[in-house]
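As a starting point, one isolated chain is supplied in structure tokens, in the form predicted on its own.
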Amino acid sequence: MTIHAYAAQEIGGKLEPFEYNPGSLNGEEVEIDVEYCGICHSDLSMLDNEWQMSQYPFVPGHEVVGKIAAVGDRVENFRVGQTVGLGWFANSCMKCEWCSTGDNNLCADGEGTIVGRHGGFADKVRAHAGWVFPLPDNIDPAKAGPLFCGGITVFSPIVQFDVKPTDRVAVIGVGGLGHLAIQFLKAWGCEVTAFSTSPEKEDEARKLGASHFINVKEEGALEAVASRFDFIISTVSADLDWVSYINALRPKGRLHIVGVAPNPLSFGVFPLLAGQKQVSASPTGSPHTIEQMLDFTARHGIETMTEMFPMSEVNAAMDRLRNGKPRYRIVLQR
């Protein structure tokens, strides 16, 4: 068979029509007819080989929603025609200590959907059945793709670090990740503050669920919220005033980072030590946590804010993301 995709032949190259033969379907894999595929900033990073692990020709796309087209002979939990989603991971070893205890996303042999594999900017994509997830009926398939990367990236820390409904929390950045983090934390029961460098986003942040909005460009804005928050999540890929955000934590508070800052973090140990504070980071999330996120999303009516492009206009969509213009996620429709 032939899969029709869009691939770059070189670092930062234009995405052009590309065909490949995937070979026979592995017994534990499923094949998905792609209907929608979100574009994540990680697709740009991989296209540009920022992380020094891209292979060319490179087919991006790891926020896939579509219907099962075929199942391997050892797959029992999926049926042809079922609507499913696929995110950053397409496989893991399923037998190491991390996989056997449910933290498959920490598997040393985990395979990214677009790392050494061809991704979802295509008519079909394949993955291990353990990393493919049924989509609840009341989640719109056209808006669901970003949940499988951006959504789980900000939802997983809420579960992993036992954020409580009574906590005062803050989200750094009102963007592709941040607009989902605000909605999740609001629905979780928290009092949510949005930090942003864009004052024009205040009304939108409040509509998403933020009780407070802080323009961090204003002089003294961070100092005014010292010792206020139990949990702060940074969703931006930028170098920040880390010391001020650590000072904004209450004792035992946590600053958690899911955006990839370009440079090493620098701050003194004493503010952490004195307040028993923590700084942490995490990748996407385990299969079980993805299932929890989907259930939570469906239950609370959480939606990604998306802009739609036909897949044939993939280069225009990538340029729009590169220039920082979308609000807040782009989804390709095949």
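So that there is no doubt, residue numbering starts at 1 and follows the sequence shown. The structure presented is a predicted model; accordingly, all values stated were derived computationally and were not measured.
If you look for the form predicted together with a small molecule, you will not find it shown, but the lines that follow are about it.
Of the listed positions (P283, G27, G268, G301), a single one reaches within 4.5 angstroms of the small molecule by any non-hydrogen atom in the predicted complex, namely P283. This chain is displayed alone, yet in the predicted complex one of I233, A144, V132, C149 has a heavy atom within 4.5 Å of the small molecule; that residue is C149.
Proximity to the small molecule in the predicted complex, taken as heavy atoms within 4.5 Å, picks out 192 to 200 from the listed stretches 192 to 200, 116 to 124, 77 to 85, 247 to 255.
Interface membership of V34, defined by any non-hydrogen atom within 4.5 Å of the small molecule in the predicted complex, is ruled out. At a distance threshold of 4.5 angstroms between non-hydrogen atoms, C40 is in contact with the small molecule in the predicted complex.
Within 4.5 Å of any heavy atom of the small molecule in the predicted complex lies no heavy atom of Y56.
For V260, a non-hydrogen atom is located within 4.5 Å of the small molecule in the predicted complex, even though that partner is not displayed.
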